[in-house]
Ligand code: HEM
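Presented as structure tokens, the chain that follows is alone, the form predicted alone.
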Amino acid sequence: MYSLLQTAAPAGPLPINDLLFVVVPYVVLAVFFSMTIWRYVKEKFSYSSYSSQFLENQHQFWGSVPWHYGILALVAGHLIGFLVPRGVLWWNSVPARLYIIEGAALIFGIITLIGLINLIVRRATNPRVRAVTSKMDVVVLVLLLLQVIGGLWVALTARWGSSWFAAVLAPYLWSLFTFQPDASAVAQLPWSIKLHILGAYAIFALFPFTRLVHVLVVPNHYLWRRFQVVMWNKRASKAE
């Protein structure tokens, strides 16, 4: 972690860091909660992933399964680093355990990328699926692809990410939630990490306006249920 901070690119002007890592996250949180609640109240039946399984199933399986399991594992890892950073640092104090957690994160990142690429190829090459793909779907897929690739790049170039996440990013995120924002440590990080953080903010900002809201419908039993065909009906005006 210390070597990472020492070799990081020089921090930009403080106002820029305050804007990107203090103002932006609060704006994103406001949009996320207000628009998510509004959509649930006004258009609760739109809380769906709009399954296209009945249009094509085999290719979807090889995209959906690795994507969902991979991204859930990565989100869980980030969440653990945020909630119990001292526990993560204690675990990483033994080199063998550090190698295990870093290797597992990299493997799940690759699995996530493979699944996402399969889903993108499916939507781009299957005429029936492409016909029900909206412009927002394309935007979300591009953002997710860039975010996953960026995460893998960070994992390969800024090693021991679980340790510096717990030591640097977790305190920063906690400072936001306690309304005592402090972006000084984040300002010293390389831009590859900063862009990864900003990518996450962009996804959260768009979240209420996309089909990603289906992850809020719990329990997400579709991860282990038997396969079923889900048919949906959508207004033609929104299918463009």
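Note that residue numbering follows the sequence shown and begins at 1. None of the values given here were measured: they were computed from a predicted structure.
In what follows, reference is made to the form predicted together with the named molecule, a form of this protein that is not presented.
Asks: Does at least one non-hydrogen atom of H78 fall within 4.5 angstroms of the named molecule in the model of the complex?
Replies: Contact check for H78: yes, within 4.5 Å of the named molecule in the model of the complex.
Asks: Any of the heavy atoms of V88 lying within 4.5 Å of the named molecule in the model of the complex?
Replies: Because no heavy atom of V88 falls inside 4.5 Å of the named molecule in the model of the complex, the answer is no.
Asks: Taking 4.5 angstroms as the cut-off for heavy atoms, does I197 touch the named molecule in the model of the complex?
Replies: Yes.
Asks: Looking at the partner-bound form in the model of the complex, is L74 within 4.5 Å of the named molecule by any heavy atom?
Replies: Looking in the model of the complex, residue contacts with the named molecule include L74, since a heavy atom lies within 4.5 Å.
Asks: Check each of V140, L119, V154, V129 and return the one that places a heavy atom within 4.5 angstroms of the named molecule in the model of the complex.
Replies: Comparing distances to the named molecule in the model of the complex, the residue within 4.5 Å is V154.
Asks: Using a 4.5 Å heavy atom cut-off, are V31, M35 and E43 all in contact with the named molecule in the model of the complex?
Replies: Contact check failed for every one of V31, M35 and E43.
Asks: Determine the residues of 78-105 with a heavy atom within 4.5 Å of the named molecule in the model of the complex and present them in sequence order; the list may be empty.
Replies: Counting only heavy atoms within 4.5 Å of the named molecule in the model of the complex, the contacting residues of 78-105 are H78, E102, A105.
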